[in-house]
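One chain comes next, on its own, written as structure tokens: the form predicted alone.
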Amino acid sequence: MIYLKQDFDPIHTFECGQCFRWNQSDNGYIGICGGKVCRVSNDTIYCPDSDNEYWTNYFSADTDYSEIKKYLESHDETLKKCIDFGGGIRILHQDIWETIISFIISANNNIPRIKKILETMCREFGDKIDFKYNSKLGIPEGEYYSFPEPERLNSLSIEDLACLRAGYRDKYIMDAAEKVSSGEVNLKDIPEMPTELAKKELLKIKGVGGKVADCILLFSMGRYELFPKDVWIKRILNQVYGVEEKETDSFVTEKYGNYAGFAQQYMYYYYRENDIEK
């Protein structure tokens, strides 16, 4: 078990739009990543001891969020209400391949549908996880599936993906699988690349634009200086801060610096759950 005593709330973390394979159950959230299964309830992560290191990194357990919040509040008083509201958000270190496909699917989509597409993909093309039921962990018995590797998806035809009901995104999924499998996009190199080069690498994949690339790097690589901008975020910046679209990048860099990704998550979660005028 792992304990996250401060600055963590499962609802804030799993419902803020950064991840899609966490589902609420009677006794917390059940999640799958990296071929592993765990349960999260309140401030406790229930997993086999052998997986402690994996989930400690996944939840960025060593990150001092109190210092991040102090920095953001000192640079933006307006953001304080957002931090107070969603103060339990932790930016996860997700698997980069899964994050690429998840955010390709997320474009012009809603969260329930994204989750359904991903779950179908894992059941149809992933591997059944050899998870041995342990009553102490409180993880329900059932079948759990890993995320399909790029080589597995690359072996399919676009017709095989019809069961996903992902629409035009099928061709983007196939393009990602082909480019990663062939090494044209080398996921092992990306962690060592400067952020701009890493983004350029991801932009080789069809269906990955600037916003999706920022999401991938923020939610899997911990590139906290990135501030993904969709229509909703641009509207917030304009209506709350009076920032025009052409001024966004300079405003974000000056205001939030290397903590821009945290600011974006607090901002997005607060204004998604509340009226933008509040």
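What you see is a predicted model; the values in this text were computed from it and never measured. Numbers for residues come from their place in the sequence shown, where the first is 1.
The next section is about a form of this same protein that is not shown, the form predicted together with the DNA.
Just one listed stretch, out of 168 to 176, 91 to 99, 127 to 135, 148 to 156, contacts the DNA in the model of the complex at the 4.5 Å heavy atom level, and that stretch is 168 to 176.
Of the residues Ile233, Val252, Ile32, Cys47, just one reaches the DNA in the model of the complex with a heavy atom at 4.5 Å or closer; this is Ile233.
Shown alone here, His75 lies farther than 4.5 Å from the DNA in the model of the complex, counting heavy atoms only. Shown alone here, Gly87 lies farther than 4.5 Å from the DNA in the model of the complex, counting heavy atoms only. In the model of the complex, the DNA lies within 4.5 Å of some heavy atom of Cys16. At a distance threshold of 4.5 angstroms between non-hydrogen atoms, Leu197 is out of contact with the DNA in the model of the complex.
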